[in-house]
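Presented below, as structure tokens, is a lone chain in the form predicted on its own.
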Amino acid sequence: MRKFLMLLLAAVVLCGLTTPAGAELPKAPVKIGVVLPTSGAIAYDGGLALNGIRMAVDEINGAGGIGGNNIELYVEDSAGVPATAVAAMEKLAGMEKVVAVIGDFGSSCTLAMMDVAQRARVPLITPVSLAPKITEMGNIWMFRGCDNSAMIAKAFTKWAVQEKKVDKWAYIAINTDYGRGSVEAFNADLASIGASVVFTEYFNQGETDYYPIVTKLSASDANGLCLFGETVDLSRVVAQYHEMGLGGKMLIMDPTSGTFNEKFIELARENANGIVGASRFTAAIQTPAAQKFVADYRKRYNADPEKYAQAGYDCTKMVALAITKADSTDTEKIRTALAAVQYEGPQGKAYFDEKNQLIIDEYIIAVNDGKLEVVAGPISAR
């Protein structure tokens, strides 16, 4: 019996030594979850991020998948509601057994999902959520695959104050973790460069009547209006701002670029011209990687990509790269590999810092005759 066990052990060791590289990754589809709003007030914006994710998956699968395995996407609709996002995350991690999740869009939803990711030990990467505290809470399973409000503030405020002489700022911001977190981050930066904040008002997602807020704004002495929100809400803010005759009174700024997409320009029309902001990506960036992405996206969707589509695309590519490097569907190995990823995509070179915050550069963008133009950059956001 002892001789038999020794022979069996030797056989196991021999098998281990001759196992080909990559064998740890099972020959089966690689399951990746997605949680984004595909219904509700920010469905349009969530759909843009999903466009980028689907495009990346098709490219990866078309090139042979991950170790010969295709990616299978499991998409859940959060509708922009934190409780729904949590239920979606629990379903993906518990029932579908995905190895990573991309989501959510709004910071409040992502913050709500983080505990589930930690308990289930599944890497969660947000392509869009900007609230700085997401990567300040010590959750090693949480990654941010985009910039954050503090990084954007650092890149944008100095430019706006020095180049555009905006020294009295007004905010109209969405009443969410993203909106309030962005105002806090910008206030901290403005105070350090000698500018002041003279007006702050918040609105609820999906609100249609902004006349009371704009009426209060008209009585302020602000020379710059800073907007934090998403496409449809901000198109209403800008329309009512102009209807009340405030056009030209102050510079309209969209530092987190919620308006820099074709839908906003279609809704706002000539009122979009002159808006300036910051973005990690726009179709006007002239690097070879950016222009290839733009051409491929146009061919597939007959439209220019913006930062939400780019972020969905890049997050998917980074997750796939991490699974490839981990050579495994073990979520702990994938998390470790993702933290060490060195990636170069349409937005440029990127990597995660010690808090799983993606480090990337910013560009200053302006709308001119209905088109997005790069005014300055790339600017370091560190």
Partner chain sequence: MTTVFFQQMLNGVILGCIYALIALGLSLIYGILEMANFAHGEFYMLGAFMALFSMTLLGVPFFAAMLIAMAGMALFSALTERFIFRPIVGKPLINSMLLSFGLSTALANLALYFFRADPRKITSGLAGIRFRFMGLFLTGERLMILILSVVLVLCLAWFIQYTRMGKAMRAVAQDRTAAQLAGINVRRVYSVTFAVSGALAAAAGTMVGAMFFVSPEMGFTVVLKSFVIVILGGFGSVKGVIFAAILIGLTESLGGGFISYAYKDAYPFLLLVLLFILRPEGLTGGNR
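Residue numbers count along the first chain shown, from 1. These numbers come from a predicted model, not from an experiment.
Another form exists, predicted together with its partner chain; not displayed. Remarks below refer to it.
Remark: all three candidate residues (201, 211 and 269) come within 4.5 Å of its partner chain in the predicted bound form, counting heavy atoms only. Its partner chain in the predicted bound form comes within 4.5 Å of no heavy atom belonging to residue 342.
Contact annotation: residue 43 falls within 4.5 Å of its partner chain in the predicted bound form, judged by heavy atom distances. Not displayed here, its partner chain is kept clear of residue 118 by more than 4.5 Å at the level of heavy atoms in the predicted bound form. For residue 292, no non-hydrogen atom is located within 4.5 Å of its partner chain in the predicted bound form, even though that partner is not displayed. The stretch among 322 to 330, 32 to 40, 57 to 65, 347 to 355 whose residues place heavy atoms within 4.5 Å of its partner chain in the predicted bound form is 32 to 40. A heavy atom within 4.5 Å of its partner chain in the predicted bound form is found for exactly one of 91, 158, 236, 168: 236. Only one of 207, 184, 296, 304 comes within 4.5 Å of its partner chain in the predicted bound form through a heavy atom, and that residue is 207. Contact annotation for 228 to 253: residues with any non-hydrogen atom within 4.5 angstroms of its partner chain in the predicted bound form are 232, 235, 236, 240, 242, 243, 244, 245, listed in sequence order.
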